[in-house]
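Coming up is one lone chain in structure tokens, specifically the form predicted on its own.
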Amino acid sequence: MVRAVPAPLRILAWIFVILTILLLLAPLVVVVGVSVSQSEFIAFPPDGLSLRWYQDVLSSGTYLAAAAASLQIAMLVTVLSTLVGGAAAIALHRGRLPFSGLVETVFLSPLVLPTIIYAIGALMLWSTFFGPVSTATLWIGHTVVALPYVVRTTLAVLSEADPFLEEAARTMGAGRLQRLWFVVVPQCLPGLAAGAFFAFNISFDEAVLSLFLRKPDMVTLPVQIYSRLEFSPDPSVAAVSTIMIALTILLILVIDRILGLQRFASS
């Protein structure tokens, strides 16, 4: 028989939950509040309500060009990380690779590696062997940090897949490529879709790698926000941040509705 949770422990648990929610949501509330301010300066609470900063952002060539650059890189990263991460997850799930445990650790290591350390190392490595940085440098750099999410979500889906389906296909005469394309890949699709979403979101929001690995004439949206905050801060940075938050929430709701994010969070 399980004893009831003591009242002091329940109170502490509720305090912890409330503080966590406040610490997560309070910064977002401040950003949204600043974005609708009439003031020329970043201040909270807002001094009057206005949508002028949203109009400025949506009509600004600088912000739109930065958003287009971020979108281009994020789409390239999504394609490459989904292909490489999906193939790696399938190989790791079968457990036939030599040193598969070590290989899995290598694929997941960007999750614990400080991004700035990786950015500095990648910049030095690329400059030594390939010369000046280019779009490909940023593409590869973002892909490396996005790969663990594709590998993780695909492995989570494969762990729940029916192993006898591929065996049944083999018994029916299907070759290796046919089994891979018609049995394994369809089983992976939910994990690949969730991983692609995370890869896109991480690349689109990545600022540190973009600062180190971008071409001088390429400005992504996070870099543009950072530069604006450093040299001429105004509520337009809060407006563009609010738009990014809204798009992220919308994508999360769509993915959760279609795939169910709980299955990936619990794996």
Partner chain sequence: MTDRTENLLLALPGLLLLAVAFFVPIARMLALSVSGPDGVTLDHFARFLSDPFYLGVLWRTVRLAAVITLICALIGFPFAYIMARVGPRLRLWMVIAVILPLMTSVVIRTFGWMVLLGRSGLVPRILRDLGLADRGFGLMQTETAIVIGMVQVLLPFMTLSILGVISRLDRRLEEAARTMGCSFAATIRTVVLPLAMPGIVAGSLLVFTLSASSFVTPNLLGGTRIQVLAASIYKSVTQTLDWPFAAAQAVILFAGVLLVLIPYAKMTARRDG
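Definition used throughout: the rigid core is the maximal C-alpha set that superposes within 1.5 Å between two forms. Keep in mind it's a predicted model, so treat the numbers as computed, not measured. Numbering follows the first chain given and starts at 1.
Not pictured, yet referred to below: the form predicted in complex with its partner chain.
*Asks:* Does the trio L51, R52 and C188 actually contact its partner chain in the model of the complex, every residue with a heavy atom within 4.5 Å?
*Replies:* No, the candidate spot makes no contact with its partner chain.
*Asks:* Evaluate P45 for contact with its partner chain in the model of the complex, applying a 4.5 angstroms cut-off between non-hydrogen atoms, and reply yes or no.
*Replies:* P45 belongs to the contact set for its partner chain.
*Asks:* Classify V219 as contacting or not contacting its partner chain in the model of the complex by the rule of any non-hydrogen atom within 4.5 angstroms, answering yes or no.
*Replies:* The answer is no: V219 has no heavy atom within 4.5 Å of its partner chain.
*Asks:* Test of understanding: in the model of the complex, would S39 fall inside 4.5 Å of its partner chain by heavy atoms?
*Replies:* S39 lies outside the contact set for its partner chain.
*Asks:* Does N201 reach its partner chain in the model of the complex, with heavy atoms at most 4.5 Å apart?
*Replies:* N201: contacts its partner chain in the model of the complex.
*Asks:* With its partner chain left out of view, choose which of V144, L158, A169, A193 has a non-hydrogen atom within 4.5 angstroms of it in the model of the complex.
*Replies:* By the 4.5 Å criterion, the partner-contacting residue is V144.
*Asks:* Can you tell me which residues in 70-89 come within 4.5 angstroms of its partner chain in the model of the complex, by heavy atoms?
*Replies:* Heavy-atom contacts to its partner chain in the model of the complex: V84, A87, A88.
*Asks:* Taking the rigid core as reference, does K215 move its C-alpha 2 Å or further between the shown form and the other one?
*Replies:* True for K215: a C-alpha shift of 2 Å or more.
*Asks:* Taking the rigid core as the reference frame, is the Cα of I245 displaced by 2 Å or more between the shown form and the other one?
*Replies:* No; that C-alpha moves by less than 2 Å between the shown form and the other one.
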